[in-house]
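Coming up is one lone chain in structure tokens, specifically the form predicted on its own.
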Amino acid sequence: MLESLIHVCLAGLSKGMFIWLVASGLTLIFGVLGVLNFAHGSFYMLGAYFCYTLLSMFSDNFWLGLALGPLCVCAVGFVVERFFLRYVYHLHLPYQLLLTFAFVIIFDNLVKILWGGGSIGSPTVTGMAGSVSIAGRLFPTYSLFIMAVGPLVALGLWLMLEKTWAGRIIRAASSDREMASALGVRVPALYTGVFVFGTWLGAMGGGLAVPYVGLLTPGMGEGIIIDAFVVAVIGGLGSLKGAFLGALIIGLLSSFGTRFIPSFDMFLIFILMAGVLLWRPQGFFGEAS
């Protein structure tokens, strides 16, 4: 029984860190730009497909595909922010959601045109295709890798935002755009840079998903964006540390639910979100309005 619980916890931590890799970009974009980007899941999907395509072109070199694939998606993110989102920052949230949802439909159909409507089998990663023995049972090596990448991303974001000059400018612009602009900060360019970086985080999550999810399918971003939104709501919209904690909670809750009450695993997650919204609407680390 103990061995089973250990593996359920490991599976939950792995899933939680995978959700965090996607939710971090969504949270960063909302925290700085104030935009709930529903198309973030599409950037995750595009990251997976671009990574897979580059992987196929360069003799199954996964790490090269992972390095270049998200950069291709960054170009897409730049176009979306510069020529579309920039003009709805001043509008209410529903208009932003409608615009970004339109891009979900556009990107889903674009993937069907370029890669086909069927599923594509994910390759294995050289050196991480096996399993290791933990508590007398085998556990996938790649899942352990994801568990290590998640905290490293969290640490990198914290160091960037808290310990660098660029991070101070980003935090200043997110707190008071007019004051930052008066002090000489090119706020529109800063917003574009933050959006592109958030896009890169989402696409990186998609690239890392290539060996993780088993199959690449058009529309695969819809499922992960729901998890990411739940994480963002629980942790507090715009709070990276809240998103990290929320991802851990959701990952563990989903894993235990799948193991012990599989018919109600998603029910548990949404019950938790409803409870948080009733008890603390701003989330664990969000600021009360």
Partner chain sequence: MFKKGLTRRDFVKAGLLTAAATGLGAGVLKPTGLWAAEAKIKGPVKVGYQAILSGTLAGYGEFHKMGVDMAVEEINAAGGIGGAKLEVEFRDSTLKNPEAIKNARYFVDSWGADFLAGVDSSGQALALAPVMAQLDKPLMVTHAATEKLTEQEVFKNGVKQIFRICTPTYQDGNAAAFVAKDLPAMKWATISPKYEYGYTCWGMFKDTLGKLKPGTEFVAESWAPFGTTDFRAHINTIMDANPDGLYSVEWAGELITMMKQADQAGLFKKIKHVMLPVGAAMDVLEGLGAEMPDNIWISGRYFFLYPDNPKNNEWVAAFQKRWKHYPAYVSETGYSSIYAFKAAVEAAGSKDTKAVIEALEGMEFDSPAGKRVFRKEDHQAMYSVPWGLTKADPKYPFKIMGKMVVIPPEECFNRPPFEGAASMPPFKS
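Numbering follows the first chain given and starts at 1. Worth saying up front: this structure is predicted, and the values here are computed from it rather than measured.
Note that the form predicted together with its partner chain isn't included here; everything after this is about it.
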#### Entry: Triple contact flag L157, R168 and K241 to its partner chain in the model of the complex, non-hydrogen atom at 4.5 angstroms
no
### 4.5 angstroms heavy atom contact with its partner chain in the model of the complex for P140
yes
### Query
Looking in the model of the complex, any heavy atom of W200 within 4.5 Å of its partner chain?
no
### Task
May I ask you to check whether V187 falls inside a 4.5 Å heavy atom distance of its partner chain in the model of the complex?
no
### Query
Quick one: does G150 come within 4.5 Å of its partner chain in the model of the complex, counting heavy atoms only?
no
### Message
Please identify, from 50-58, 241-249, 255-263, 66-74, the stretch that has a heavy atom within 4.5 Å of its partner chain in the model of the complex.
### Response
255-263
